[in-house]
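First, one chain by itself in structure tokens, the form predicted alone.
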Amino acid sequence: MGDLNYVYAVARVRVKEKSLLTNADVAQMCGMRDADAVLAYLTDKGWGKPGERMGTEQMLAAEEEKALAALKELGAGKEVLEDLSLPKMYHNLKAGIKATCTGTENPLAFYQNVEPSEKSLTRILAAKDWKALPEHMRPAAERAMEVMLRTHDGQMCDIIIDRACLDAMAAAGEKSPHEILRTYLQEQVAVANIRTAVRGARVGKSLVFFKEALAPVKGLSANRLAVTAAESVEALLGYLSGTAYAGAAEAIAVSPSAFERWCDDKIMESIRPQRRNAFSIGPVVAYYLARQNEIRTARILLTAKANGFPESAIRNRVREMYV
């Protein structure tokens, strides 16, 4: 897409941004009595399908479809779509391998509108037709399938595929011509590494585990993360405090939910400057990621309300909005 087309696309994004949820919207929903009240509020904001009364999963699925449709409509090319869908692709690979190896079916475990589709993936895995998968998925798919068939170790299967996903994201970020994808994918890998290091350190995982699970990424040493996480949570926090991700250490000291919120807010912080870049795909991708962020936040709100969480606990969990 040329610079002039970007300008047109960005002008349309500016209009769409006006319908994004704000921090004030989120604060208002936090104070609502129950999940039904939140659903009604989101319906009034245009969520879901016109004229249809929807439950939580139906509404969120409808919004996922709208977000993807908008990304395509605004001119994101095939490579951009593939880079952004990498986490969902690898999630589906995990779900597909486990379903194939256990002989169970669970369509709800798969993301829709992702290639390879659930149907194609099921056929590929059943036939062990590795060449039918994208090249970057093949080694992990074959290894994870072998582990599941031989040992039924679902956790090891997850580690193999999650690491392959991070490696694919890091590689895609390095080669992308788009600044926002380079920034976003790098931040995603770094934040995912920190998540794994924190969770593993809390349960005393070994250095071997961390070396297997953490992916190399610019700006954060996977080796130092592994060594300090294997030593102790305190050593890990000490390392993080001296990096650009010092906020993670501060959030971890508060609570697990504060840390999870920091992870998502860090991504929003990294893409927000793209709103000012009118001559690139940046604002288009940032709008899509903002929609993903508000869908995650709506899920947190609705789940918390359905489970009777107090308002104070919900406020500690909700994410920072893009606008």
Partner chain sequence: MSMGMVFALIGAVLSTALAGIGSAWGVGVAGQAAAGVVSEDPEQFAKVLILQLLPGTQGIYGLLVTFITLSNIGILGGTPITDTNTGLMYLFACLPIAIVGLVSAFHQGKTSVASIGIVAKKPDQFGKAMLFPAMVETYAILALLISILSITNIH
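Residue numbers count along the first chain shown, from 1. Just so it is clear, the model here is predicted, and its values are computed rather than measured.
The protein also exists as the form predicted together with its partner chain; that form is not presented, and the subsequent description refers to it.
In terms of contact with its partner chain in the model of the complex, the residue from Ala313, Ala306, Ala11, Ala24 that brings a heavy atom within 4.5 Å is Ala11. Using a 4.5 angstroms limit between non-hydrogen atoms, Lys16 touches its partner chain in the model of the complex. Contact annotation: Ala67 falls outside 4.5 Å of its partner chain in the model of the complex, judged by heavy atom distances.
When contacts are judged by a 4.5 Å heavy atom cut-off, Ile295 does not count as touching its partner chain in the model of the complex. Taking non-hydrogen atoms only, Leu60 never approaches its partner chain to within 4.5 angstroms in the model of the complex.
Heavy atoms within 4.5 Å of its partner chain in the model of the complex map, among the stretches 260-268, 42-50, 24-32, 275-283, onto 275-283 alone.
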